[in-house]
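There is one chain below, alone, in structure tokens, taken in the form predicted alone.
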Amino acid sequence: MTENLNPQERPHTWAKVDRYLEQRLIPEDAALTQALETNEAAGLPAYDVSPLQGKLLQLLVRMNGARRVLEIGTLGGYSTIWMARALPEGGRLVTLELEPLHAEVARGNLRGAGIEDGLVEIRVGEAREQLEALIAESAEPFDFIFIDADKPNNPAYLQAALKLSNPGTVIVGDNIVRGGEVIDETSEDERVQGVRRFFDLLENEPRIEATALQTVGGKGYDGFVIGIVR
């Protein structure tokens, strides 16, 4: 029984369970596998969502009937591929990436996955500036927004996301448990404090109703927030 495992054994079991679930629920996909291999070869950090998490994002986009998706944090485009594949004809995904190298790798991965030109727009630059530009451009509101970038700026990303939303927009924030460190109010880790400020905002923001789930798996112990704009 997993309840009796020593703490040191749990991550190993989480990873094995992830592999079991992936084998049962996630068909083999050469393009997605290649994207991860390309990311590693290019020296990108291994911050991609897991296959199960990617499929969850894809299903949430489909459930929401989203036509316009905003992703804050592209990395190598792995999660971008999952969500882009859920879009209907005429859909659009805008993804924001700070690093030009990461953006170039993502473009190659999107091409390798057969994502049509024009379906995804990668905007390169500091995400807060890119979000301000979208707001200034009076961009059409997004139906689904995935926040998965630098955690100290999570509150600013949420505030911008709300400005780029309509009632019914779904907002998902990743990596919000930080291995349990989120409860440590004395933490000197700015990522932890950024997530804590993110929760402060969610607690007092009447425009969004949200919940959070803790997760375990091959990516370790973390969690995500999912909310809907009122």
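The first residue of the shown sequence is 1; numbering continues from there. Worth saying up front: this structure is predicted, and the values here are computed from it rather than measured.
This protein has a second form, the form predicted together with 3,4-dihydroxybenzoic acid (DHB), left out of what is shown; the following refers to that one.
Asker: Just one of R67, R178, K55, R197 has a heavy atom within 4.5 Å of 3,4-dihydroxybenzoic acid (DHB) in the predicted bound form. Which one?
Answerer: Going through each option in turn, the one that passes is R178.
Asker: Would you confirm whether the three residues R10, D18 and Y221 all fall within 4.5 Å of 3,4-dihydroxybenzoic acid (DHB) in the predicted bound form, going by non-hydrogen atoms?
Answerer: Result no, not one residue of the spot touches 3,4-dihydroxybenzoic acid (DHB).
Asker: If contact means any heavy atom within 4.5 Å, which of 145-153, 85-93, 132-140, 110-118 contacts 3,4-dihydroxybenzoic acid (DHB) in the predicted bound form?
Answerer: The contacting stretch is 145-153.
Asker: Using a 4.5 Å cut-off on any heavy atom, which residues of 189-224 would contact 3,4-dihydroxybenzoic acid (DHB) in the predicted bound form?
Answerer: Going through 189-224 in order - heavy atoms within 4.5 Å of 3,4-dihydroxybenzoic acid (DHB) in the predicted bound form - there is one hit, R191.
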